[in-house]
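Just the one chain here, laid out as C-alpha coordinates, in the form predicted alone.
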(Lines give C-alpha, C1' and ligand atoms only; values in the text may rest on other atoms or scores of the structure.)
Protein backbone atom coordinates (compact mmCIF):
# COMPACT_ATOMS: atom_id res chain seq x y z
CA UNK A 1 0.00 0.00 0.00
CA UNK A 2 1.04 3.54 -0.59
CA UNK A 3 0.35 6.53 1.60
CA UNK A 4 -2.03 9.37 0.76
CA UNK A 5 -1.06 11.25 -2.38
CA UNK A 6 0.50 14.66 -1.72
CA UNK A 7 -0.50 17.26 -4.29
CA UNK A 8 2.29 19.65 -5.38
CA UNK A 9 2.18 23.24 -4.20
CA UNK A 10 4.28 26.35 -4.58
CA UNK A 11 6.52 27.44 -1.71
CA UNK A 12 3.62 29.60 -0.47
CA UNK A 13 1.25 26.64 -0.44
CA UNK A 14 -0.68 27.46 -3.61
CA UNK A 15 -1.91 24.12 -5.08
CA UNK A 16 -0.50 23.28 -8.51
CA UNK A 17 -2.15 21.33 -11.29
CA UNK A 18 -0.20 19.00 -13.53
CA UNK A 19 -1.21 21.20 -16.47
CA UNK A 20 -2.99 24.50 -17.07
CA UNK A 21 -5.45 25.63 -19.73
CA UNK A 22 -7.22 28.83 -20.72
CA UNK A 23 -10.09 28.07 -18.33
CA UNK A 24 -7.63 28.50 -15.41
CA UNK A 25 -6.94 32.17 -16.06
CA UNK A 26 -8.89 35.42 -16.12
CA UNK A 27 -9.39 37.82 -19.01
CA UNK A 28 -6.45 39.85 -17.69
CA UNK A 29 -4.39 38.05 -20.33
CA UNK A 30 -5.54 40.83 -22.67
CA UNK A 31 -3.33 43.33 -20.81
CA UNK A 32 -0.37 44.75 -22.72
CA UNK A 33 3.14 45.60 -21.50
CA UNK A 34 3.56 49.23 -20.49
CA UNK A 35 -0.14 49.79 -19.86
CA UNK A 36 -2.22 49.99 -16.68
CA UNK A 37 -2.18 48.02 -14.38
CA UNK A 38 1.40 47.20 -15.47
CA UNK A 39 1.21 43.50 -14.66
CA UNK A 40 3.31 42.92 -17.76
CA UNK A 41 5.91 45.60 -17.05
CA UNK A 42 6.45 49.34 -16.77
CA UNK A 43 7.66 50.14 -20.27
CA UNK A 44 7.93 53.82 -21.21
CA UNK A 45 6.21 53.15 -24.52
CA UNK A 46 3.90 50.33 -25.65
CA UNK A 47 5.54 47.66 -27.75
CA UNK A 48 9.10 48.47 -26.69
CA UNK A 49 11.45 45.63 -25.90
CA UNK A 50 12.19 44.91 -22.24
CA UNK A 51 15.85 45.90 -22.56
CA UNK A 52 18.21 45.45 -19.65
CA UNK A 53 18.29 46.38 -16.02
CA UNK A 54 20.68 48.14 -13.66
CA UNK A 55 23.39 45.67 -12.66
CA UNK A 56 24.34 45.88 -8.99
CA UNK A 57 26.20 43.80 -6.46
CA UNK A 58 25.96 44.53 -2.74
CA UNK A 59 29.20 46.10 -1.53
CA UNK A 60 30.87 47.54 1.54
CA UNK A 61 33.69 46.37 3.76
CA UNK A 62 36.01 48.00 6.28
CA UNK A 63 36.14 51.80 6.25
CA UNK A 64 35.10 54.31 3.56
CA UNK A 65 38.44 54.23 1.71
CA UNK A 66 38.49 50.44 1.43
CA UNK A 67 34.87 50.36 0.26
CA UNK A 68 35.57 53.14 -2.24
CA UNK A 69 38.16 50.89 -3.87
CA UNK A 70 35.56 48.12 -3.99
CA UNK A 71 33.05 50.43 -5.70
CA UNK A 72 35.55 51.47 -8.35
CA UNK A 73 36.46 47.81 -8.89
CA UNK A 74 32.82 46.94 -9.60
CA UNK A 75 32.31 49.89 -11.97
CA UNK A 76 35.44 48.87 -13.86
CA UNK A 77 33.93 45.40 -14.35
CA UNK A 78 30.72 46.72 -15.89
CA UNK A 79 28.44 47.42 -12.94
CA UNK A 80 26.01 50.25 -13.72
CA UNK A 81 24.68 51.07 -10.25
CA UNK A 82 25.99 50.87 -6.70
CA UNK A 83 24.42 49.42 -3.58
CA UNK A 84 26.25 50.10 -0.33
CA UNK A 85 25.52 48.18 2.86
CA UNK A 86 26.54 49.43 6.29
CA UNK A 87 28.18 47.21 8.88
CA UNK A 88 26.35 46.07 12.01
CA UNK A 89 27.09 49.16 14.12
CA UNK A 90 26.06 51.49 11.27
CA UNK A 91 22.78 49.62 10.79
CA UNK A 92 22.11 49.95 14.52
CA UNK A 93 22.99 53.68 14.49
CA UNK A 94 26.02 53.14 16.71
CA UNK A 95 29.48 54.59 16.08
CA UNK A 96 32.56 52.49 15.39
CA UNK A 97 34.17 53.38 18.72
CA UNK A 98 31.21 52.30 20.83
CA UNK A 99 32.54 49.82 23.44
CA UNK A 100 30.33 46.98 22.19
CA UNK A 101 31.09 47.46 18.48
CA UNK A 102 34.82 46.92 18.29
CA UNK A 103 34.59 43.28 17.15
CA UNK A 104 32.20 43.96 14.25
CA UNK A 105 33.42 47.23 12.71
CA UNK A 106 33.63 46.84 8.95
CA UNK A 107 33.05 43.10 8.94
CA UNK A 108 29.51 42.95 7.51
CA UNK A 109 29.59 46.13 5.46
CA UNK A 110 31.17 49.56 5.51
CA UNK A 111 31.54 51.63 8.70
CA UNK A 112 29.87 55.04 8.25
CA UNK A 113 29.79 57.38 11.25
CA UNK A 114 30.29 60.92 9.88
CA UNK A 115 29.17 62.94 6.88
CA UNK A 116 32.79 63.11 5.75
CA UNK A 117 32.79 59.32 5.56
CA UNK A 118 30.36 59.53 2.66
CA UNK A 119 32.58 61.96 0.77
CA UNK A 120 35.39 59.41 1.12
CA UNK A 121 33.14 56.52 0.18
CA UNK A 122 32.03 58.16 -3.07
CA UNK A 123 35.31 59.87 -3.98
CA UNK A 124 35.79 59.78 -7.74
CA UNK A 125 32.32 58.32 -8.37
CA UNK A 126 30.30 60.28 -10.98
CA UNK A 127 27.25 60.83 -8.78
CA UNK A 128 25.20 62.27 -11.63
CA UNK A 129 25.80 59.19 -13.80
CA UNK A 130 25.62 56.29 -11.33
CA UNK A 131 22.57 55.32 -9.30
CA UNK A 132 23.51 55.13 -5.61
CA UNK A 133 21.43 52.82 -3.45
CA UNK A 134 22.13 52.41 0.24
CA UNK A 135 21.29 49.71 2.75
CA UNK A 136 22.02 52.19 5.56
CA UNK A 137 19.54 53.98 7.88
CA UNK A 138 17.76 56.28 5.44
CA UNK A 139 18.15 59.68 7.14
CA UNK A 140 21.92 59.20 7.39
CA UNK A 141 22.32 57.64 3.94
CA UNK A 142 20.45 60.59 2.44
CA UNK A 143 22.30 63.34 4.32
CA UNK A 144 25.61 61.57 3.66
CA UNK A 145 24.93 61.47 -0.07
CA UNK A 146 23.89 65.13 -0.01
CA UNK A 147 27.16 66.00 1.73
CA UNK A 148 29.17 64.02 -0.82
CA UNK A 149 27.34 65.77 -3.67
CA UNK A 150 27.96 69.20 -2.16
CA UNK A 151 31.65 68.39 -1.78
CA UNK A 152 31.71 67.42 -5.46
CA UNK A 153 29.70 70.57 -6.36
CA UNK A 154 26.95 68.39 -7.76
CA UNK A 155 23.38 69.82 -7.88
CA UNK A 156 21.03 67.73 -5.74
CA UNK A 157 18.47 67.58 -8.52
CA UNK A 158 20.81 65.36 -10.54
CA UNK A 159 21.24 62.66 -7.88
CA UNK A 160 19.75 59.24 -8.60
CA UNK A 161 19.49 56.36 -6.23
CA UNK A 162 17.43 55.18 -3.30
CA UNK A 163 17.14 54.59 0.43
CA UNK A 164 15.24 51.92 2.33
CA UNK A 165 12.35 52.71 4.67
CA UNK A 166 11.63 49.81 7.09
CA UNK A 167 10.18 51.52 10.20
CA UNK A 168 7.64 48.85 11.14
CA UNK A 169 9.87 45.79 10.86
CA UNK A 170 13.56 46.69 11.22
CA UNK A 171 13.77 46.13 14.98
CA UNK A 172 12.13 42.71 14.67
CA UNK A 173 13.73 41.30 11.52
CA UNK A 174 17.04 43.09 11.04
CA UNK A 175 19.45 45.22 13.09
CA UNK A 176 17.78 46.87 16.06
CA UNK A 177 18.16 50.65 15.78
CA UNK A 178 16.74 51.10 19.29
CA UNK A 179 14.43 53.77 17.87
CA UNK A 180 10.80 54.08 18.94
CA UNK A 181 8.71 52.86 16.01
CA UNK A 182 6.77 56.12 15.86
CA UNK A 183 10.04 58.05 15.51
CA UNK A 184 11.32 55.66 12.85
CA UNK A 185 8.07 56.12 10.96
CA UNK A 186 8.35 59.90 11.21
CA UNK A 187 11.93 59.81 9.88
CA UNK A 188 10.70 57.81 6.90
CA UNK A 189 8.00 60.35 6.07
CA UNK A 190 10.43 63.24 6.61
CA UNK A 191 12.80 61.64 4.10
CA UNK A 192 10.01 61.21 1.53
CA UNK A 193 8.84 64.80 2.02
CA UNK A 194 12.36 66.26 1.81
CA UNK A 195 13.17 64.38 -1.39
CA UNK A 196 9.88 65.33 -3.01
CA UNK A 197 11.00 68.95 -2.73
CA UNK A 198 14.76 68.74 -3.26
CA UNK A 199 15.70 65.45 -5.02
CA UNK A 200 13.18 64.84 -7.81
CA UNK A 201 15.12 61.95 -9.41
CA UNK A 202 15.81 60.12 -6.15
CA UNK A 203 13.76 57.15 -4.90
CA UNK A 204 13.10 58.33 -1.38
CA UNK A 205 11.15 55.23 -0.44
CA UNK A 206 12.22 51.71 -1.28
CA UNK A 207 9.96 49.19 0.35
CA UNK A 208 12.47 46.48 1.17
CA UNK A 209 10.64 43.18 1.54
CA UNK A 210 13.91 41.30 1.02
CA UNK A 211 15.34 41.70 4.50
CA UNK A 212 12.33 40.44 6.40
CA UNK A 213 11.41 37.70 3.93
CA UNK A 214 14.89 36.18 4.37
CA UNK A 215 13.71 34.72 7.68
CA UNK A 216 11.56 32.24 5.76
CA UNK A 217 8.39 34.14 4.86
CA UNK A 218 6.39 32.89 1.92
CA UNK A 219 5.93 35.02 -1.20
CA UNK A 220 2.40 35.87 -0.01
CA UNK A 221 3.57 36.98 3.43
CA UNK A 222 6.44 38.96 1.93
CA UNK A 223 4.21 41.02 -0.38
CA UNK A 224 1.42 41.42 2.16
CA UNK A 225 3.73 42.87 4.82
CA UNK A 226 5.35 45.05 2.18
CA UNK A 227 2.02 46.53 1.12
CA UNK A 228 0.94 47.06 4.73
CA UNK A 229 4.02 49.24 5.21
CA UNK A 230 3.56 51.02 1.86
CA UNK A 231 -0.02 51.86 2.73
CA UNK A 232 1.03 53.06 6.18
CA UNK A 233 3.76 55.41 4.93
CA UNK A 234 1.73 56.68 1.98
CA UNK A 235 -1.11 57.50 4.36
CA UNK A 236 1.26 59.29 6.74
CA UNK A 237 2.80 61.28 3.88
CA UNK A 238 -0.60 62.30 2.50
CA UNK A 239 -1.58 63.44 5.99
CA UNK A 240 1.25 65.99 5.72
CA UNK A 241 -0.58 67.55 2.79
CA UNK A 242 1.88 66.23 0.20
CA UNK A 243 0.07 65.30 -3.05
CA UNK A 244 0.26 61.67 -4.08
CA UNK A 245 1.65 62.41 -7.55
CA UNK A 246 4.56 64.39 -6.09
CA UNK A 247 6.12 61.28 -4.49
CA UNK A 248 4.42 58.07 -5.64
CA UNK A 249 6.60 57.75 -8.72
CA UNK A 250 9.65 57.68 -6.44
CA UNK A 251 8.45 54.63 -4.52
CA UNK A 252 10.20 51.38 -5.45
CA UNK A 253 9.87 47.81 -4.29
CA UNK A 254 12.90 45.68 -3.44
CA UNK A 255 11.75 42.06 -3.41
CA UNK A 256 13.40 38.80 -2.57
CA UNK A 257 13.76 36.13 -5.25
CA UNK A 258 13.80 32.58 -3.97
CA UNK A 259 14.05 29.28 -5.82
CA UNK A 260 10.36 28.73 -6.69
CA UNK A 261 10.87 29.92 -10.27
CA UNK A 262 7.33 30.52 -11.53
CA UNK A 263 5.95 31.72 -8.21
CA UNK A 264 8.67 34.38 -7.95
CA UNK A 265 7.90 35.64 -11.46
CA UNK A 266 4.18 35.72 -10.70
CA UNK A 267 4.86 37.51 -7.39
CA UNK A 268 6.57 40.39 -9.17
CA UNK A 269 3.81 40.63 -11.78
CA UNK A 270 1.17 40.64 -9.03
CA UNK A 271 3.07 43.34 -7.12
CA UNK A 272 2.97 45.70 -10.09
CA UNK A 273 -0.76 45.15 -10.53
CA UNK A 274 -1.49 45.59 -6.82
CA UNK A 275 0.52 48.82 -6.66
CA UNK A 276 -1.09 50.35 -9.74
CA UNK A 277 -4.61 49.50 -8.60
CA UNK A 278 -3.97 50.77 -5.09
CA UNK A 279 -2.46 54.06 -6.22
CA UNK A 280 -5.31 54.82 -8.60
CA UNK A 281 -8.26 53.48 -6.61
CA UNK A 282 -7.26 54.14 -3.00
CA UNK A 283 -5.12 57.28 -3.33
CA UNK A 284 -6.35 58.98 -6.50
CA UNK A 285 -3.03 59.08 -8.35
CA UNK A 286 -3.41 60.18 -11.96
CA UNK A 287 0.16 60.51 -13.23
CA UNK A 288 1.02 57.25 -15.08
CA UNK A 289 4.45 57.34 -13.43
CA UNK A 290 2.74 57.11 -10.03
CA UNK A 291 1.05 53.87 -11.09
CA UNK A 292 4.03 52.14 -12.66
CA UNK A 293 6.02 50.44 -9.91
CA UNK A 294 9.81 50.30 -10.10
CA UNK A 295 10.83 46.79 -8.99
CA UNK A 296 14.33 45.78 -8.00
CA UNK A 297 15.46 42.54 -6.41
CA UNK A 298 18.15 40.63 -4.56
CA UNK A 299 18.43 36.93 -5.14
CA UNK A 300 17.94 35.05 -1.89
CA UNK A 301 20.84 34.72 0.50
CA UNK A 302 18.74 32.34 2.58
CA UNK A 303 18.81 29.79 -0.24
CA UNK A 304 22.62 29.84 -0.40
CA UNK A 305 24.50 27.23 1.58
CA UNK A 306 27.85 26.96 3.28
CA UNK A 307 27.87 23.38 1.99
CA UNK A 308 29.11 23.03 -1.60
CA UNK A 309 29.32 26.78 -2.28
CA UNK A 310 29.74 26.17 -6.03
CA UNK A 311 26.04 25.21 -6.05
CA UNK A 312 25.25 28.81 -5.11
CA UNK A 313 26.40 29.97 -8.54
CA UNK A 314 23.66 27.81 -10.06
CA UNK A 315 21.07 29.10 -7.60
CA UNK A 316 21.99 32.69 -8.40
CA UNK A 317 21.64 31.96 -12.10
CA UNK A 318 18.19 30.40 -11.73
CA UNK A 319 16.97 33.28 -9.60
CA UNK A 320 18.56 35.91 -11.85
CA UNK A 321 16.83 34.39 -14.88
CA UNK A 322 13.49 34.54 -13.07
CA UNK A 323 14.06 38.25 -12.38
CA UNK A 324 14.97 38.95 -16.00
CA UNK A 325 11.81 37.18 -17.19
CA UNK A 326 9.75 39.13 -14.63
CA UNK A 327 11.10 42.45 -15.99
CA UNK A 328 12.77 44.04 -12.96
CA UNK A 329 14.51 47.42 -13.22
CA UNK A 330 17.56 46.45 -11.17
CA UNK A 331 19.07 43.23 -9.88
CA UNK A 332 21.66 41.97 -7.43
CA UNK A 333 22.79 38.36 -7.32
CA UNK A 334 23.80 37.21 -3.86
CA UNK A 335 27.41 36.04 -3.79
CA UNK A 336 28.38 32.38 -3.70
CA UNK A 337 30.27 32.97 -0.44
CA UNK A 338 27.16 34.39 1.27
CA UNK A 339 27.21 31.55 3.80
CA UNK A 340 30.60 32.75 5.06
CA UNK A 341 31.11 36.51 4.60
CA UNK A 342 30.28 39.67 2.69
CA UNK A 343 31.21 39.23 -0.98
CA UNK A 344 34.81 38.59 -1.92
CA UNK A 345 36.12 40.23 -5.13
CA UNK A 346 35.82 36.88 -6.90
CA UNK A 347 32.22 36.40 -5.77
CA UNK A 348 31.36 39.96 -6.81
CA UNK A 349 32.57 39.29 -10.33
CA UNK A 350 30.75 35.95 -10.57
CA UNK A 351 27.47 37.64 -9.56
CA UNK A 352 28.04 40.48 -12.01
CA UNK A 353 29.05 38.16 -14.86
CA UNK A 354 25.95 36.03 -14.22
CA UNK A 355 23.78 39.08 -14.81
CA UNK A 356 25.73 40.06 -17.89
CA UNK A 357 25.47 36.58 -19.43
CA UNK A 358 21.72 36.44 -18.81
CA UNK A 359 21.28 39.85 -20.41
CA UNK A 360 23.74 39.65 -23.31
CA UNK A 361 23.71 35.96 -24.27
CA UNK A 362 20.40 34.34 -23.29
CA UNK A 363 18.07 36.44 -25.45
CA UNK A 364 15.44 36.73 -22.73
CA UNK A 365 15.38 40.54 -22.93
CA UNK A 366 14.34 40.66 -26.57
CA UNK A 367 10.65 40.49 -25.74
CA UNK A 368 8.65 42.12 -22.99
CA UNK A 369 7.06 39.81 -20.41
CA UNK A 370 7.83 36.67 -22.45
CA UNK A 371 5.87 34.47 -20.02
CA UNK A 372 2.78 36.67 -20.26
CA UNK A 373 -0.06 34.47 -21.47
CA UNK A 374 1.35 31.36 -19.84
CA UNK A 375 -1.65 29.70 -18.24
CA UNK A 376 0.47 28.70 -15.23
CA UNK A 377 2.04 32.14 -14.71
CA UNK A 378 -1.24 34.01 -15.22
CA UNK A 379 -3.08 31.70 -12.82
CA UNK A 380 -0.36 32.11 -10.18
CA UNK A 381 -0.38 35.89 -10.63
CA UNK A 382 -4.14 36.04 -10.02
CA UNK A 383 -3.91 33.73 -6.99
CA UNK A 384 -1.03 35.64 -5.42
CA UNK A 385 -2.82 38.96 -5.89
CA UNK A 386 -5.95 37.59 -4.23
CA UNK A 387 -4.11 36.06 -1.26
CA UNK A 388 -1.94 39.13 -0.68
CA UNK A 389 -4.97 41.43 -0.63
CA UNK A 390 -6.73 39.14 1.83
CA UNK A 391 -3.74 39.19 4.20
CA UNK A 392 -3.32 42.97 3.93
CA UNK A 393 -6.98 43.50 4.83
CA UNK A 394 -6.72 41.01 7.69
CA UNK A 395 -3.72 42.83 9.20
CA UNK A 396 -5.21 46.29 8.77
CA UNK A 397 -8.43 45.14 10.43
CA UNK A 398 -6.43 44.51 13.61
CA UNK A 399 -5.50 48.16 14.11
CA UNK A 400 -2.86 50.80 13.50
CA UNK A 401 0.38 49.26 12.12
CA UNK A 402 2.57 51.16 14.62
CA UNK A 403 0.54 49.79 17.52
CA UNK A 404 0.68 46.28 16.02
CA UNK A 405 4.46 46.57 15.76
CA UNK A 406 4.75 47.79 19.34
CA UNK A 407 2.64 44.86 20.55
CA UNK A 408 4.91 42.37 18.75
CA UNK A 409 2.38 41.26 16.14
CA UNK A 410 4.84 41.34 13.25
CA UNK A 411 7.60 39.80 15.35
CA UNK A 412 5.38 36.78 15.86
CA UNK A 413 4.86 36.46 12.09
CA UNK A 414 8.64 36.49 11.57
CA UNK A 415 9.20 33.99 14.37
CA UNK A 416 6.57 31.61 13.01
CA UNK A 417 8.10 31.80 9.54
CA UNK A 418 11.59 31.05 10.83
CA UNK A 419 10.37 28.04 12.81
CA UNK A 420 8.38 26.78 9.81
CA UNK A 421 11.36 27.13 7.48
CA UNK A 422 13.68 25.32 9.88
CA UNK A 423 11.19 22.48 10.20
CA UNK A 424 10.88 22.21 6.41
CA UNK A 425 14.65 21.91 6.05
CA UNK A 426 15.16 19.47 8.93
CA UNK A 427 12.27 17.25 7.85
CA UNK A 428 13.35 17.22 4.22
CA UNK A 429 10.06 18.72 3.08
CA UNK A 430 12.20 21.46 1.50
CA UNK A 431 15.05 19.75 -0.29
CA UNK A 432 18.32 21.70 -0.54
CA UNK A 433 21.04 20.08 -2.59
CA UNK A 434 24.22 19.68 -0.57
CA UNK A 435 22.53 20.50 2.74
CA UNK A 436 19.87 17.85 3.37
CA UNK A 437 20.26 15.79 0.21
CA UNK A 438 23.17 14.86 -2.08
CA UNK A 439 25.65 15.75 0.62
CA UNK A 440 29.43 15.44 0.29
CA UNK A 441 32.11 14.71 2.83
CA UNK A 442 34.12 17.63 4.14
CA UNK A 443 37.18 16.24 2.40
CA UNK A 444 35.45 16.31 -1.01
CA UNK A 445 33.57 19.57 -0.45
CA UNK A 446 36.49 21.91 -1.15
CA UNK A 447 35.58 23.70 -4.41
CA UNK A 448 35.68 27.51 -3.89
CA UNK A 449 36.18 27.11 -0.15
CA UNK A 450 39.59 28.76 -0.19
CA UNK A 451 37.85 31.94 -1.34
CA UNK A 452 34.66 31.63 0.68
CA UNK A 453 36.38 30.93 4.00
CA UNK A 454 38.69 33.96 3.86
CA UNK A 455 38.06 35.87 7.09
CA UNK A 456 37.28 39.58 7.36
CA UNK A 457 38.97 41.09 10.39
CA UNK A 458 37.43 44.01 12.34
CA UNK A 459 38.82 47.38 11.24
CA UNK A 460 40.66 48.40 14.42
CA UNK A 461 42.20 51.44 12.71
CA UNK A 462 38.71 52.71 12.05
CA UNK A 463 37.96 52.72 15.78
CA UNK A 464 41.05 54.82 16.49
CA UNK A 465 40.16 57.14 13.60
CA UNK A 466 36.73 57.98 15.01
CA UNK A 467 38.11 58.42 18.55
CA UNK A 468 40.72 60.87 17.23
CA UNK A 469 38.07 62.72 15.24
CA UNK A 470 36.10 63.43 18.40
CA UNK A 471 39.13 65.15 19.92
CA UNK A 472 39.79 67.30 16.86
CA UNK A 473 36.33 68.81 16.33
CA UNK A 474 34.55 71.69 18.07
CA UNK A 475 32.46 70.04 20.74
CA UNK A 476 30.62 73.31 21.43
CA UNK A 477 29.34 73.32 17.83
CA UNK A 478 28.37 69.67 18.11
CA UNK A 479 26.37 70.18 21.31
CA UNK A 480 24.68 73.26 19.86
CA UNK A 481 23.45 71.36 16.81
CA UNK A 482 22.45 68.30 18.83
CA UNK A 483 20.20 70.58 20.86
CA UNK A 484 18.61 71.67 17.58
CA UNK A 485 17.98 68.00 16.77
CA UNK A 486 16.46 67.52 20.22
CA UNK A 487 14.15 70.52 19.74
CA UNK A 488 13.20 69.48 16.20
CA UNK A 489 12.09 66.04 17.34
CA UNK A 490 9.90 67.80 19.91
CA UNK A 491 8.28 69.90 17.17
CA UNK A 492 5.76 67.74 15.27
CA UNK A 493 5.71 70.26 12.41
CA UNK A 494 9.48 70.12 11.80
CA UNK A 495 11.14 68.00 9.12
CA UNK A 496 14.11 66.32 10.80
CA UNK A 497 16.34 65.96 7.72
CA UNK A 498 17.71 69.56 7.76
CA UNK A 499 18.54 69.24 11.48
CA UNK A 500 20.34 65.93 10.86
CA UNK A 501 22.30 67.48 7.99
CA UNK A 502 23.29 70.55 10.02
CA UNK A 503 24.39 68.42 12.98
CA UNK A 504 26.47 66.23 10.72
CA UNK A 505 28.10 69.27 9.13
CA UNK A 506 28.99 70.50 12.62
CA UNK A 507 30.84 67.25 13.29
CA UNK A 508 28.22 65.26 15.18
CA UNK A 509 28.38 61.54 14.52
CA UNK A 510 25.50 59.30 13.54
CA UNK A 511 25.48 57.73 17.00
CA UNK A 512 25.24 61.13 18.68
CA UNK A 513 22.45 62.36 16.40
CA UNK A 514 20.48 59.14 16.87
CA UNK A 515 21.08 59.40 20.63
CA UNK A 516 19.66 62.93 20.72
CA UNK A 517 16.58 61.71 18.87
CA UNK A 518 16.10 58.90 21.36
CA UNK A 519 16.45 61.33 24.24
CA UNK A 520 13.75 63.53 22.77
CA UNK A 521 11.41 60.53 23.04
CA UNK A 522 12.40 59.85 26.63
CA UNK A 523 14.71 56.95 25.76
CA UNK A 524 18.37 56.60 26.80
CA UNK A 525 20.95 58.42 24.67
CA UNK A 526 22.98 55.21 24.54
CA UNK A 527 20.54 52.30 24.39
CA UNK A 528 23.28 49.92 25.58
CA UNK A 529 24.10 51.99 28.66
CA UNK A 530 27.80 52.65 28.11
CA UNK A 531 27.95 56.29 26.99
CA UNK A 532 26.92 59.56 28.62
CA UNK A 533 24.80 62.06 26.75
CA UNK A 534 26.56 65.33 25.85
CA UNK A 535 23.22 67.14 26.25
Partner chain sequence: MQPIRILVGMFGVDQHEVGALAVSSALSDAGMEVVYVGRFQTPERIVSTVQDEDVDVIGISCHSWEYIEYTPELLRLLAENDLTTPVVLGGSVITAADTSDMIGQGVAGVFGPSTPMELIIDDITALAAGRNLRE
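Please read these numbers as outputs of a predicted model, since none were measured by experiment. Positions refer to the first chain, counted from 1.
This next part talks about the form predicted together with its partner chain, which is not shown.
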### Summary
Which of 184 to 192, 123 to 131, 98 to 106, 199 to 207 lies within 4.5 Å of its partner chain in the predicted complex, heavy atoms considered? The stretch 98 to 106
### Query
Which of 370, 301, 288, 88 has a heavy atom within 4.5 Å of its partner chain in the predicted complex?
88
## Note on the structure
Interface check vs its partner chain in the predicted complex: of 431, 422, 281, 386, the one with a heavy atom inside 4.5 Å is 422
### Task
Look at the candidate spot formed by 92, 307 and 453 and say whether its partner chain comes within 4.5 Å of a heavy atom in all three of them in the predicted complex.
yes
### Message
Taking its partner chain as it sits in the predicted complex, is residue 341 near enough to touch it, meaning that at least one heavy atom pair lies within 4.5 angstroms?
### Response
yes
### Task
With heavy atoms only and a cut-off of 4.5 Å, decide whether residue 176 touches its partner chain in the predicted complex.
yes
### Query
So in the predicted complex, does any heavy atom of residue 143 sit within 4.5 Å of its partner chain?
no
### its partner chain contact at residue 366 in the predicted complex, heavy atom, 4.5 Å
no
### Query
So which bits of 424 to 453 sit within 4.5 Å of its partner chain in the predicted complex, heavy atoms only?
426, 435, 439, 453
